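Have a look below at one chain only, the form predicted alone, in structure tokens format.
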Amino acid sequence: MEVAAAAAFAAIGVLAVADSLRGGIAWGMDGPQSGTFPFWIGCLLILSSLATLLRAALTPSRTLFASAAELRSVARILLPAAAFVAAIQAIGLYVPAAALIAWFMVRLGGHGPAVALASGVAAAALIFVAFERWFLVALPKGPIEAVFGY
């Protein structure tokens, strides 16, 4: 599994490096070109993947990739996060963000539903104000934001 993961991350690194070359990685008239940061991140991905491949080759493991309990633990995070990403396409960012925060607070944090819901709504409202009003960055919106004129 380590070899497969390292190969996948190396491939992503190669894609990042190749694509960043289109944007340029040199120093331009106004500073570094747009591909500079992705280029170096891609290089780091490739190097770390090679180190993982080397370690896996030198110390073969005979243990399972993950136990059932470990996979359940991963699923507790992965499944709600995947639902969050899918919901963004349908109803925008803010409602799913509030729901995800509340879900994690109840399921993983042990908080009560009222506190979790209030925290989720407050966090989503803060994200909205920060991005829409302060930074003037439009994030995906849904029907609830349309009711308020956004």
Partner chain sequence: MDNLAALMAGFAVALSPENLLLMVAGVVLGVIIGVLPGLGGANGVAILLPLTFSMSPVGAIIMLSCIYWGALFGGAITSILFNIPGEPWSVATTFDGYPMAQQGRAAEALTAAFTSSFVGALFAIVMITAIAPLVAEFALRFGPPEFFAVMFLAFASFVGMGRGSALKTVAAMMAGFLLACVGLDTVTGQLRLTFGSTELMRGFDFLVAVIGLFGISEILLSIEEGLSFRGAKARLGLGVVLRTWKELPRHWLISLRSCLIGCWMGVTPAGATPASFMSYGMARRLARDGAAFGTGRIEGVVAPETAAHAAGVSALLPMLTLGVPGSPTAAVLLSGLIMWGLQPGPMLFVEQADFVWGLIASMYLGNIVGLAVVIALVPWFAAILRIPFAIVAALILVACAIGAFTVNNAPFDVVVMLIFGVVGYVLKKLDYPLAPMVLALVLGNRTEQAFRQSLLLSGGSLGVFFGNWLVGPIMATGLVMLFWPLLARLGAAIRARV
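Quick caveat: nothing in here was measured; it's all calculated off a predicted structure. We call the rigid core whatever largest set of C-alpha positions still superposes within 1.5 Å between the two forms. Residue numbers count along the first chain shown, from 1.
Here the subject shifts to the form predicted together with its partner chain, a form of this protein not shown in this document.
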Heavy atom within 4.5 Å of its partner chain in the predicted complex - the one residue of L58, A68, A82, A114 that qualifies: A82
Close approach of I12 to its partner chain in the predicted complex, 4.5 Å, heavy atom: yes
M105, heavy atom within 4.5 angstroms of its partner chain in the predicted complex: yes
4.5 angstroms heavy atom contact with its partner chain in the predicted complex for V129: no
Contact test in the predicted complex: I25 vs its partner chain, heavy atoms, 4.5 Å: no
Sequence-ordered list of residues in 85-109 near its partner chain in the predicted complex, where near means a heavy atom within 4.5 Å: V85, I88, Q89, L93, A97, L100, I101, F104, M105, L108, G109
Threshold 2 Å Cα movement between this form and the one not shown for G142, core superposed: no
